[in-house]
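Before any questions on binding or motion, here is one chain by itself as structure tokens, the form predicted alone.
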Amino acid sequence: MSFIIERLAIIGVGLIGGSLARALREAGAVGSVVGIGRSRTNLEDALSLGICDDITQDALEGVKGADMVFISVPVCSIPAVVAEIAPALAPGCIVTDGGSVKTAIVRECEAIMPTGCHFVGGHPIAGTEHSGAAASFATLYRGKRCILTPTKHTDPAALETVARLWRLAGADVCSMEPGHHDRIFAEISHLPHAVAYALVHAVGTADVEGENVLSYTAGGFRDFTRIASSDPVMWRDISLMNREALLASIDGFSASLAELRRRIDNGDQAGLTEFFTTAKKFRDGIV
């Protein structure tokens, strides 16, 4: 049987990497999968769940002979991981990632790649608040979008191979320039996470006559702040790596919140109705 990828190495076999492996296995697109990571316990979970055929904590050893390497580690660590594995990459190997910040990653990783090997930046728009190999599932990407961020240096055949694999995993694939990606996702992903963390932090530290305010939360607060249960280290790295775009987004949100405060402070009924109605129209227009 001929596979699109004979040997896939996944560095970081958690929700994202593990789900990709599961999806590609179900699609019959990969021959063997080697899982690479720091946690022996998580790697053994991945092996026992059938996500991987082999596991190792040695990245250099794990990528040997791989046709493709998928990296799913905190974004600040991705260039360092690529630099670590570069000497062991087989000729023609494609390296791609799942990081949600692209400009710095693509620029640094393209510069590291050995001659004859190819880097393709990627960002699957999917996830849950859970992590680890045990949290992965084959349908995570079904009907979700995956953005690839090619540059003038990207090999067309490598780009098409990565796009094909994501489509086989169930994703709707599109491409855009890395900087454009980062500005968009500062608004629609990085800012909402920052706001959720800030809201929970504010409420959790609120002093209301010694009450544990969070003990009174109901469905609305829990739904709105669900993403604040995500991995803090991951969001620390994303915030720092996409700093300029995220700060601009926070400034925009702060201005909107200040305008809402002004209308409440002024008892502006018409202004509040207009503010909430406009926001509701934007929200109702999301498909």
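When you see a residue number, it is the position in the sequence shown, counting from 1. Values in this document were obtained by computation on a predicted structure and should not be read as measured data.
Although it is not shown, the form predicted together with a small molecule is what the next lines describe.
Using a 4.5 Å heavy atom cutoff, none of Leu8, Val63 and Pro91 lies near the small molecule in the predicted complex.
Interface membership of Thr149, defined by any non-hydrogen atom within 4.5 Å of the small molecule in the predicted complex, is ruled out. In the predicted complex, no heavy atom of Arg222 sits within 4.5 Å of the small molecule. Of the heavy atoms in Arg261, none are within 4.5 Å of the small molecule in the predicted complex. Residue contact check for Met234: one or more of its heavy atoms lie within 4.5 Å of the small molecule in the predicted complex. The stretch that touches the small molecule in the predicted complex, counting heavy atoms within 4.5 Å, is 31-39, out of 47-55, 31-39, 253-261, 214-222.
The contact with the small molecule in the predicted complex, taken as any heavy atom within 4.5 Å, belongs to Val75 out of Val82, Val162, Val75, Ala171.
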